[in-house]
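First comes one chain, alone, set out as structure tokens in the form predicted on its own.
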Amino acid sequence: MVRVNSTNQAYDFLRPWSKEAPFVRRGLGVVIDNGRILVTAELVANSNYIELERADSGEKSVATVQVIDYEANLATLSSTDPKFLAGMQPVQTTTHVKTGDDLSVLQLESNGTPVSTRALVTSVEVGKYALEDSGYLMFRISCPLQFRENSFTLPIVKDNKLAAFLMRYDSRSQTVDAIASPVIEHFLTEAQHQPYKGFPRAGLAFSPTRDPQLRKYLKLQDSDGGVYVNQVDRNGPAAKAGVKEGDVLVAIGDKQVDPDGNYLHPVYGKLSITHLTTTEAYCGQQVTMTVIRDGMRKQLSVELFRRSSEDYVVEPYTIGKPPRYYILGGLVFQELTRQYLREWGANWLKDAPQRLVYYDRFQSDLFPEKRKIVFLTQILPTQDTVGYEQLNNLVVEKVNGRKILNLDDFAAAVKNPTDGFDKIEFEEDPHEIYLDAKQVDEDTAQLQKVYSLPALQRL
């Protein structure tokens, strides 16, 4: 094990030209093959500086991120000093973990002495990781952990092999949510390839079919099992293979799907079928989905892949990169991301602007074309924006007669004012506003000086 100290500084999506205050996270990483160090992605997300420290000698080295997957919450680091890990043996992983097994959670005392705490695996399930829409295999473990420095990320071992990584700890219930070793092995296997493709997704959502009236309506037999497909990602693998909303998914490969969306895993017992299409399969692999449509069985071949976050109309996460913005005469425009909505806190689904939350939730159905949602986030008061001070969170439709599909369109449109004015049209009240284009140009330097803006745009 090595100590990992990461100085992190996230971008401020409410003031996209700046960053939030820096903070430090301390955790433990494990040495794996080829001089790599495995940690959680949360530990080094938005990092400005990463420092490694050997527990035995206190020797320190600067580290850089090699591969990072925010959805699977895993990352590999490498030291800038090729001799830093000399003499340290890489840790092997083990997937031979099941409910009832005894594991050990590893920590370090301040003097470098390793500490092992006995832990019991109480359940194995597919659960939420760091990002709320990412579900992967997770070990739930009972463990009476004591707080120690460097405890943000902790390795969990079985017979001296890496079995899991601590992700969350509830001190009241003494319960650990841990990244399971099959997810770790999938990540490490995929990390050997360039470019890194990540974990695939099927691109569909489903609901149970326990309701007998629903099963009767769908013409399902008691032996059919299956789940009701209620949403298909327009550009996802399932849609490309011909899966449709209203289908009943009854099997993936040779695994039968029960009415709750589970299948029988040979080691873990009942597991969500999500595990089959995210962790057991890799990007580019074909899986067979058996569906019942209008009482008839169909077998569809689905090629699994992962859509990058940039491909979505509303990016599901924007970590480690700055938000795009454009400031025109004190009006601040951005492209809608879920990271912006998260600025409203843990309860953002209720507290964030509901029109924007709605667009995020139903983006696949509402926006068939490839685009972004450009919206006015706030007003920096200037003489150009008098009367507009209360406007915010308005979605832009057109600028100077040009339809706006992203910020690049916006930047191009403002170069062509109409009769000396920039005309900005919104979806809702007020449906249009005007700016004196010449006055805006003349006031640009003053605007930048008054609000200490490093730049008026980032595209």
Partner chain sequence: MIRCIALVAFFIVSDAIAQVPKAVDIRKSLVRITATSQEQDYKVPWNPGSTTVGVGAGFVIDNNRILTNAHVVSNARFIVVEKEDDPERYPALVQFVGHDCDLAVLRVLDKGFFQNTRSLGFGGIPAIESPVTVYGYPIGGDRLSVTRGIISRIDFQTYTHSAIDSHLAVQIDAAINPGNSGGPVMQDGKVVGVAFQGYSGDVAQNVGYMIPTPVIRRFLKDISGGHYDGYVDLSITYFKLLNPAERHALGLPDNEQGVMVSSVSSEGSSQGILQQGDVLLTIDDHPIASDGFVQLDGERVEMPEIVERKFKDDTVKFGIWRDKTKQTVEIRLKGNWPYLIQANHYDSPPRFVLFGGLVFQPLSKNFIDAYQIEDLRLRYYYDYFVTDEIYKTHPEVVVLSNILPDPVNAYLSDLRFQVVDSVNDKKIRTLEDVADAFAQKSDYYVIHFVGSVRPAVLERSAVEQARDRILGNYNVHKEQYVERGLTH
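Since we're looking at a predicted model, the values are computed, not measured. Positions refer to the first chain, counted from 1.
The following text describes the form predicted in complex with the partner chain, which does not appear among the structures shown.
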Practice task
Verify the contact flag for Asp365: yes if a non-hydrogen atom of it lies within 4.5 Å of a non-hydrogen atom of the partner chain in the model of the complex, no if not.
Solution key: yes
Practice task
Considering only heavy atoms, tell me if Phe147 and the partner chain come within 4.5 Å of each other in the model of the complex.
Solution key: no
Problem - Non-hydrogen atom contact Ser104 with the partner chain in the model of the complex at 4.5 angstroms - result: no
Exercise for the section: Please check if Glu190 has a heavy atom lying within 4.5 Å of any heavy atom of the partner chain in the model of the complex. Expected result: no
Fill in the blank from the handout: Among Val115, Val267, Leu214, Val91, just one has a heavy atom within 4.5 Å of the partner chain in the model of the complex, namely Leu214
Exercise for the section: Could you check which residue among Thr99, Ser142, Asn230, Thr95 gets a heavy atom within 4.5 Å of the partner chain in the model of the complex? Expected result: Asn230
Handout entry: Triple contact flag Gly242, Asp247 and Gly295 to the partner chain in the model of the complex, non-hydrogen atom at 4.5 angstroms
Key = no
Practice task
Would you point out which of 344 to 352, 312 to 320, 277 to 285, 296 to 304 contains residues with a non-hydrogen atom within 4.5 Å of the partner chain in the model of the complex?
Solution key: 344 to 352
Practice task
Could you run down 376 to 402 and flag each residue that has a heavy atom within 4.5 Å of the partner chain in the model of the complex?
Solution key: Asp384, Thr385, Val386, Gly387, Tyr388, Leu391
